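Encoded as structure tokens, the following chain is the form predicted alone, with no partner shown.
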Amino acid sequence: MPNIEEIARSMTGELKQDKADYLEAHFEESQTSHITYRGQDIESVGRSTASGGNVRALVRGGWGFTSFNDFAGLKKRVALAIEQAKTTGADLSLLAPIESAQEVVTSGVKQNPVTIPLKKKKLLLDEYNEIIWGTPGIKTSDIGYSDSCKKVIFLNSEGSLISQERADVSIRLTAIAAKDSEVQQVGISVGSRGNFEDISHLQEKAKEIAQKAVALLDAPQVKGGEYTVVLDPVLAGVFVHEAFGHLSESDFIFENERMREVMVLGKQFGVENLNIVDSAVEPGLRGSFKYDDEGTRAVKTYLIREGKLVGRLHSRETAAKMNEKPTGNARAVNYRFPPIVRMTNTYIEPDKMSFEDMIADIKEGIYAKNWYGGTTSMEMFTFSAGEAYMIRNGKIAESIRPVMLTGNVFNTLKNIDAIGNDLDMNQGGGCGKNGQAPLPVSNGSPHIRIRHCLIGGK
């Protein structure tokens, strides 16, 4: 594998501002491994290494981008990116100013997870799979494990030279039960900033999801309609990420006239104790980093504060175009893609209410937990909970079939009338946008209570 530090230093003279309005380059080397199961059989297992880079140029408001995994002829790569930018550019180049930086940021993990023998990883996954299959009624299972360790060097025509390392581990366990023509499934996703131990003790979780999947085969289905619904931190975190977080990405707002009219700073979107944050500076979370992929220092950004819309997520370009400050949210999944506006760690801040007090005055409602899937379209959303329970007279009652929540995100935010004191961050899964996936993120929330929530059912 080439020495990307030496390559980056040799490129500093090529990224001169007199060649374009702005130039930047990324050089990356990565290691990955993965294991996937379908049922009781391994579907895929492997380990790989990769290296490559890209050059991005800005000329008269137009961008040029070229990526490569052959480090020969880098001067030609710069020239190609500039030529592309000249072809597309016909306006002013706008980038919000940031301070240049020269820094080395290490991953902070004791052991690169990719170097752990595949045999050890397989033995652990075998154990999880055996636990799932040991539950009567299980029809099949899915397990997906992946890890990575990556170094990225960023430099630009403004004098920045930043080297950042990061490690990542993620796993998804799914148990699928069947009886007659009925099929139910329950799953969990767990992730870590490179610490293999964080996914090494899921035996009880594996047993729990298998038992829940089987129990759902006999659970009743709720009658559809409006209910007071309490969401657990996992489902509430998915809601805030999918239904609101993506609407806060400023490239989407800038390009959509209707969203510009809706997402007006200062507009009241919820109760005074509703605070929604996107922050890459939270220690130990999968969406955290020190600098984004444009060399902007990570910050904590309030999107909603005391119920009002106060911020959105920016790259340097969107910040300049909307006359706002950059937030360090320009991210690329790897060197093959240019950075675009992405979330990091998105969550609802906790308040003071306990879970017991939150459900105490609910005569008949629904407690929805975990998540199975969902879709969003503009401000409309549909999410499927992974499991659900009736709330009767202030107590958690019988288990019911997983429910589907549907609504308008802005109306739903206004209907949040209670926020718990028990913030929890979901570290599993990854985010997708414009063909770039899976990008490590995390999302979370305390328990939240939503009045007049539409539930699909029989």
Partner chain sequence: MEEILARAQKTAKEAEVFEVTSEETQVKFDANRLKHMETTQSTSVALRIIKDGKIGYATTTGITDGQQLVKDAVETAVFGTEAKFSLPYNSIYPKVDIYDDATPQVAINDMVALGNKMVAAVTAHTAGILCYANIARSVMTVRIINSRGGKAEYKKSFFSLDLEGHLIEGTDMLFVWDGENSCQPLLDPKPIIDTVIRQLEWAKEKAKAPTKVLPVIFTPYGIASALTYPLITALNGKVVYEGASPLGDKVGQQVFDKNFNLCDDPTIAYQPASRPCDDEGVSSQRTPLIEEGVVKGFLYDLQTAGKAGKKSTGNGNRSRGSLPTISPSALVIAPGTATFDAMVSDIKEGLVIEQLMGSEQGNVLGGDFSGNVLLGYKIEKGKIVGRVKDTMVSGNVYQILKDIAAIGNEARWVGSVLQTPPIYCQGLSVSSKG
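Fair warning: this is a prediction, and the values are worked out from it, not measured in the lab. Positions refer to the first chain, counted from 1.
The form predicted in complex with its partner chain is left out here; the points below concern that form.
- The candidate spot formed by G13, S157 and E272 lies out of contact with its partner chain in the model of the complex, as no residue has a heavy atom within 4.5 Å of it.
- Only one segment in the set 336-344, 274-282, 186-194, 209-217 has residues whose heavy atoms sit within 4.5 Å of its partner chain in the model of the complex; it is 336-344.
- Of the heavy atoms in G144, none are within 4.5 Å of its partner chain in the model of the complex.
- Mapping the unseen interface onto this chain, S377 counts among the residues with a heavy atom inside 4.5 Å of its partner chain in the model of the complex.
- Residue contact check for L454: one or more of its heavy atoms lie within 4.5 Å of its partner chain in the model of the complex.
- Although the partner is absent here, G394 lies well away from its partner chain in the model of the complex, with no heavy atom inside 4.5 Å.
- Taking a 4.5 Å heavy atom cutoff to its partner chain in the model of the complex, the contact residue among K122, K300, R305, H246 is K122.
- In summary, among the residues G134, G373, P97, G108, the only one with a non-hydrogen atom within 4.5 Å of its partner chain in the model of the complex is G373.
- Contacts between stretch 67-81 and its partner chain, counted in the model of the complex as any heavy atom lying within 4.5 Å, involve S67, F68, N69, D70, R77, L80, listed in sequence order.
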